[in-house]
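Below you'll find only one chain, the form predicted alone, shown as structure tokens.
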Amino acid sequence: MDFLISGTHINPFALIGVGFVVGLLGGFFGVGGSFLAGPALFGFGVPMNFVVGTDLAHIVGKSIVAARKHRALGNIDLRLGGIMMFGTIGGVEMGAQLIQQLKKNAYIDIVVGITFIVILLSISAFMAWESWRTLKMHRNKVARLGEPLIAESKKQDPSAFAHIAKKIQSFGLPPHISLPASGIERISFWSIIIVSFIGGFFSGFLGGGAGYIRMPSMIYLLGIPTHIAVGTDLFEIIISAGYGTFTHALKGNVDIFIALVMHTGAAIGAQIGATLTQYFAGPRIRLAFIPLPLIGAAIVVYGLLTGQHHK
């Protein structure tokens, strides 16, 4: 099928399949899925500026479906998501402006592609290390005290790096707020803004909702329980991807027809993925997330090496 806006020819069933997988994984892990959808579009031959804008467009609808399901499961902290909106929008616009500058440069695919690879590999490596340490810590606790391996409560989500979040929560710059839905009594408003700005920047620069950065950041830096981070990140992705779609559309970087085809599969997968989260504890969800950025990085490497996007 020919998509005239981006000048590419792609099998629509392949797009639907990618959309379904991204929706399933995104609903489960609380991410937009751009770590897979973006590399897949790049591998299909879509130019990188259209990859970024189109990925954002398809993720909006999928995240709405998944967020509604997570809201019903009690996995969204609306106060946290509302505050993050302010930092996210500023970050998205800065990332989109940087893409505009790179469009003038013949090396946009290489710059964005290599950035994608480095970030995805770094996230996967860190989460593998943290999840392994957390599970090992709790196995030792079981052997010593006979306590349950994993706490079932969403507000008792063990992490080997909980001390880092505690230090950030004690950051003294006012104003301070409480996040009852996340079990946090006191945290600086500015800590939330900084985390959301960084996530927004990578959303505007690399496409998608950048949940692969924001979801781990909420867990490890802000101390948000994994289930709440999953749902809240999807809520936040609606905002970041929605604004990102708008600003990239104005810049001519969105192939809306590719996005719509992908969404037909994503809407179904998102509901299934969101439902599955209630059957897994936080560290298990984080551990299962680890291979996904590696797959995304591998697809980007393939696209760069084959040069398929230049066809």
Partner chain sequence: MKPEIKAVFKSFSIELVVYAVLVVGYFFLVLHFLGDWLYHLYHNERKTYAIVALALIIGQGIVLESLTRTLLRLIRRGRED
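Numbering follows the first chain given and starts at 1. Only a predicted model underlies this, so the values are computations on that prediction, with no experimental measurement involved.
Keep in mind the form predicted in complex with its partner chain is missing from the figure; the text below concerns it.
Legend entry - Whether Arg133, Tyr220 and Gly231 all lie within 4.5 angstroms of its partner chain in the predicted complex by heavy atom: Not a single listed residue reaches its partner chain in the predicted complex, so no.
Inset, instruction - Could you tell me which stretch in 110-118, 85-93, 188-196, 237-245 has residues with non-hydrogen atoms within 4.5 Å of its partner chain in the predicted complex? - result: Single hit among the candidates: 237-245.
Legend entry - Touches its partner chain in the predicted complex: Ala40 (any heavy atom, 4.5 Å): It does not: once its partner chain is placed as it appears in the predicted complex, Ala40 has no heavy atom within 4.5 Å of it.
Inset, instruction - Report yes if any heavy atom of Leu305 sits within 4.5 Å of a heavy atom of its partner chain in the predicted complex; otherwise report no. - result: Flag for Leu305 set to no.
Legend entry - Pro12: touches its partner chain in the predicted complex, heavy atom cutoff 4.5 angstroms: Pro12: contacts its partner chain in the predicted complex.
Legend entry - is_contact(Val52, its partner chain) in the predicted complex, heavy atom dist at most 4.5 Å: No - in the predicted complex, heavy atoms of Val52 and its partner chain never come within 4.5 Å of each other.
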